[in-house]
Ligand code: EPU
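A single chain, nothing else alongside it, follows as structure tokens in the form predicted on its own.
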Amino acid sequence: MPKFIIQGGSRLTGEIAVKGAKNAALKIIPAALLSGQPLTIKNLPAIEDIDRALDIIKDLGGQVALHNDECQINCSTLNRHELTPALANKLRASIMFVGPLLARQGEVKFPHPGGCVIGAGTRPIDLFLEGFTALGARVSFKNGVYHLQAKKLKGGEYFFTTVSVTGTESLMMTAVLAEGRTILKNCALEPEIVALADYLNTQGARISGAGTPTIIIDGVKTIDAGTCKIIPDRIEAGTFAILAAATNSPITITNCQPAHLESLLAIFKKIGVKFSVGPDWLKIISADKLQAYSLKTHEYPGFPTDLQSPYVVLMTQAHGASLIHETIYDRRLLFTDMLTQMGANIIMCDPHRVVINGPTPLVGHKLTSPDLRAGISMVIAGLIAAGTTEIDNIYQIDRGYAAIDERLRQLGARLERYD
């Protein structure tokens, strides 16, 4: 199993470019199922989750041609409506294929989605099933397999009792080919939702309200596929910004959209991180003396849960006590035990809250990446720590950060990959 070996304590410098957004690309790929025309996707990140999503397309009978960060998908040759468990169980985002398959073929079978420890078999899909039912689908479950059928989906109205990004995106895609008008209420507001709606609208869909709590979709008979360029990954950009602040390194982050990081940048102003911004770049200038600051994760435009783990590492280097309250995923704070092994002073109040007292020097340790975001946080901790840090199970990191070791070495990080 591959692992990272990190020699900590180095100050980094230079520029690092943000790749295409993982959470946007994982919705555009299944959107290809809605059309019989070929789709060209540009700025596609070269990460494990994208490879798994493309494997699902091929397993369904679609054709895929991948060249660097550009991919062509042709779904005119679909010949299956069932997601293979061996593939779906590796990817939480496999749930995003269900709606488009149902809309295009009138039937779909699938197992409970998999993914990392944060999402493997623990995150419910009731919102998806309720939403599909609201559009006229019949749902059954037998021997671990969901079976959805709908001769013709009908527009309907659905209220999300829990704000859900993937739920919003899934029902929005599904409703594009439904007959009549669909109204979705209490929708998520993330930029990836707006990007998906913008793409679908350029191909003939009729979606209004994306980026607001109420989205209205007027169904059409067919849509085109065309070309889609993936927006920059705001989580990757935020992670690099936190890395720069934690290591007190002058780093310029390019190919990003700082407007998507307002919650993080507002906190940077409070805790003493100096930075400057442009239309598509963010430069971290210095972070000489960090001040502790408590936060609570929240749906966009609040503080992203996907940046909570890196922020926890940052707070180990801040002066004072900070309370971190994770409101989205129950198990996301469990990784803090590994930080305490490195010397951090962290008290777990309950599975949702920790108190961090800092600053504390960190010392290199042998670690195992439990999930994607905790994994990149372990990398940041290793870069801060004195001595050597070894991180196993870096497959979880590769799921979301393309060639992260190579890119960090270009900034001066002493980080090597060993197979």
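Residue positions are given as counts along the sequence shown, with the first one as 1. Please read all numbers here as calculations on a predicted model, not as lab measurements.
Unshown form predicted together with the named molecule; subsequent notes refer to it.
- When contacts are defined as a non-hydrogen atom within 4.5 Å, all of Asn23, Ile125 and Phe128 contact the named molecule in the predicted bound form.
- The closest heavy atom approach of Leu34 to the named molecule in the predicted bound form falls outside 4.5 Å.
- Though the partner is left out of this view, Ala93 does reach within 4.5 Å of the named molecule in the predicted bound form, counting heavy atoms only.
- Interface membership of Val379, defined by any non-hydrogen atom within 4.5 Å of the named molecule in the predicted bound form, is ruled out.
- Shown alone here, Val163 lies within 4.5 Å of the named molecule in the predicted bound form, counting heavy atoms only.
- Exactly one listed residue, out of Phe335, Tyr329, Tyr293, Phe110, brings a non-hydrogen atom to within 4.5 Å of the named molecule in the predicted bound form: Tyr329.
- Out of the listed residues Leu372, Ile41, Ile356, Ile384, Leu372 is the one that sits within 4.5 Å of the named molecule in the predicted bound form by at least one heavy atom.
- Between 210-218, 101-109, 143-151, 303-311, the stretch whose residues reach within 4.5 angstroms of the named molecule in the predicted bound form through a non-hydrogen atom is 303-311.
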